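A single chain comes next, written as structure tokens; it is the form predicted on its own.
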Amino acid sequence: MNIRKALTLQTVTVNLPGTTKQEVIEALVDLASAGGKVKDRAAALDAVLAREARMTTGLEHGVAIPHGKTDAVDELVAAVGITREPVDFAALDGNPCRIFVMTISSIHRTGPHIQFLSEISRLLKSADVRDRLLAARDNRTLLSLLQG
């Protein structure tokens, strides 16, 4: 599944709430649930938190990509949020994060999950793209930047 299919105006925000890893993940699950494709919010949240407990999904350059696999969805569900303040996400480079991309995928399908993560990773490699995402003033602009 590509970025254009996975993200909608309802599943992106330039005002992601949260000051802790737990709060950010909960807010992302709520955002993903707004798209109507999450059948069980609690199960989806548990899946993402369980994956995060195994190893941090905080990467580098202020980016974190929390994700999980569960029966609570039938297809890939994604959400993107930008926080106003940096959040300690135990990132690999030791820096806090402000750009959060979350995926929840079915335990029965791996292809769409891998394709989406590959696309988003390529996009977020660019410092210019990251800067433009952080500068987005509204959700429509954020979505447009993500969808290219």
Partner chain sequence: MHDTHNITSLMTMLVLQLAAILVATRIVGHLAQRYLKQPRVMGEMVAGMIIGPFALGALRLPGLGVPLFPVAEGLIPVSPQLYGFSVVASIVLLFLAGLETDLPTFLKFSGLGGVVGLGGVVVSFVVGALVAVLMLPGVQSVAHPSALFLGVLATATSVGITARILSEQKKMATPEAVTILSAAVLDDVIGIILLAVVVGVVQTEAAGGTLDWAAIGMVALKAFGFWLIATVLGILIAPRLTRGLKAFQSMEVTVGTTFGIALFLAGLSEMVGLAMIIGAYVAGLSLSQTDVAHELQERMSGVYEFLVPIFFAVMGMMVDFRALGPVLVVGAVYAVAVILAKVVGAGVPALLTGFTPRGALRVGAGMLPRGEVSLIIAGIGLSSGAIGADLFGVAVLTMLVSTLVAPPILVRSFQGAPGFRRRTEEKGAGEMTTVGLEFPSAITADFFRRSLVRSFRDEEFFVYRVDHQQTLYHIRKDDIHITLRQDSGRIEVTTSPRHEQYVRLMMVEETLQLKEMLDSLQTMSRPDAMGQSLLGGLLD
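Residue numbers count along the first chain shown, from 1. Predicted model, so just to flag it, every value in this text is computed and none were measured.
Keep in mind that the form predicted together with the partner chain is missing from the display, and what follows is about it.
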Counting only non-hydrogen atoms, the one stretch of 27-35, 93-101, 48-56, 78-86 within 4.5 angstroms of the partner chain in the predicted complex is 48-56
For I114, is any heavy atom within 4.5 Å of the partner chain in the predicted complex, or not?
yes
According to a 4.5 angstroms non-hydrogen atom cut-off, is I65 in contact with the partner chain in the predicted complex?
yes
Can R140 be called a contact residue for the partner chain in the predicted complex at 4.5 Å between heavy atoms?
no
Please tell me whether any heavy atom belonging to R122 falls inside 4.5 Å of a heavy atom of the partner chain, as the geometry stands in the predicted complex.
yes
